[in-house]
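Okay, here we've got a single chain as structure tokens, the form predicted alone, with questions on binding and movement later.
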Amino acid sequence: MQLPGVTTVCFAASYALALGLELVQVLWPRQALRLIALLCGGAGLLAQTLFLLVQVPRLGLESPAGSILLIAWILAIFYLYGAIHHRQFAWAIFVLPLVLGLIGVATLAPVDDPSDTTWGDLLTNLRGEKFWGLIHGGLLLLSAVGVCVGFVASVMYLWQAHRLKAKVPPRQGIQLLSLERLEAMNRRAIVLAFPLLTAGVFLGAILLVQRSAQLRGWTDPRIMGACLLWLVFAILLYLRYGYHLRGRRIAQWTIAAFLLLLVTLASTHTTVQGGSP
């Protein structure tokens, strides 16, 4: 099944228009452009919220499309907050491309035939293994948001470091937070994401034992991806606090973790013959 293209295009186009206006704002600063960009971004967030209210129960959190769209929605809130709170900086130019990229990946991700499940049905049947499965998915979802925020901070850090190395005048071009604040943002995102990822992987291992007859064990692509992502994060934290590695190297490791996250999210749980998803 394809995601409803018209609805997806509606909020993706709103975000794209907001991004275009923010790019124009860099070259031709005008308060009116910034206000229109915020209105477009807000309209996109509203449209995506309405879309998710209908589609998430039908697609399920465990589906690549459902989980990626939820992450994109949380990052869209992060974009709107940052664009208002840090309005003197080019916040949207770095966050909105990520939101649009995630929407594109979700649209291309494999989607099973949707059910007729509603939020009421979902909450009514939320017991036992389904409840713990939702907790497992929620923990991994929140950790994925942390990875995405760390990725944005890392890209900003590398861009700002390049500007300083090239001795670009402070008021020229794209304005960003200082390297210290960007590094602190990346560090907080990693520190918050790692325990969530650890709890999610641990709970997933317990559920895997209970569903061993349905999944291909530890060779399932999403399970292997989550474990590998946890290992990358453990190395990242060890390098940061054990070797006191900072700056460019940590940013590069965070970007690598984000790319691995995309591969993991785009994968689906494989089932054995006769099993159920």
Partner chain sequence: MILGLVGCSYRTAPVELRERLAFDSGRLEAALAEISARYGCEVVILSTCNRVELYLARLSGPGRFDIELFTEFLAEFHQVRVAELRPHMYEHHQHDAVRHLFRVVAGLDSMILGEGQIAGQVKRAYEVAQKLATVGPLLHTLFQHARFVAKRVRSETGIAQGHISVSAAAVDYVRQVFDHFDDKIVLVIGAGKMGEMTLRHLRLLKPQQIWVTNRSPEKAEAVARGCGGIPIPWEKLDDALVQADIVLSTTGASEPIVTLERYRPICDRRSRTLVVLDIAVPRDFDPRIHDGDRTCLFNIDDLKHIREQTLHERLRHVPAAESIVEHEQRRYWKEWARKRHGPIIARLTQDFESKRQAVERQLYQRLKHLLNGQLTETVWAEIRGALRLYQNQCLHGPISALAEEGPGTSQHTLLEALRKLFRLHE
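Numbering follows the first chain given and starts at 1. Since the structure is predicted, the reported quantities are computational estimates derived from the model, not experimental observations.
This next part talks about the form predicted in complex with the partner chain, which is not shown.
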item: In the predicted bound form, the one of Y157, F151, W91, W73 near the partner chain [non-hydrogen atom within 4.5 angstroms]; value: Y157
item: Listed range touching the partner chain, judged in the predicted bound form by heavy atoms within 4.5 Å, from 161-169, 93-101, 195-203, 76-84; value: 161-169
item: Contact of L134 with the partner chain in the predicted bound form (heavy atom, 4.5 Å); value: no
item: Contact label in the predicted bound form: G247 to the partner chain, heavy atom within 4.5 Å; value: yes
item: The partner chain contact at L207 in the predicted bound form, heavy atom, 4.5 Å; value: no
item: Contact label in the predicted bound form: L179 to the partner chain, heavy atom within 4.5 Å; value: yes
item: Stretch 182-206 - residues with a heavy atom within 4.5 Å of the partner chain in the predicted bound form; value: none
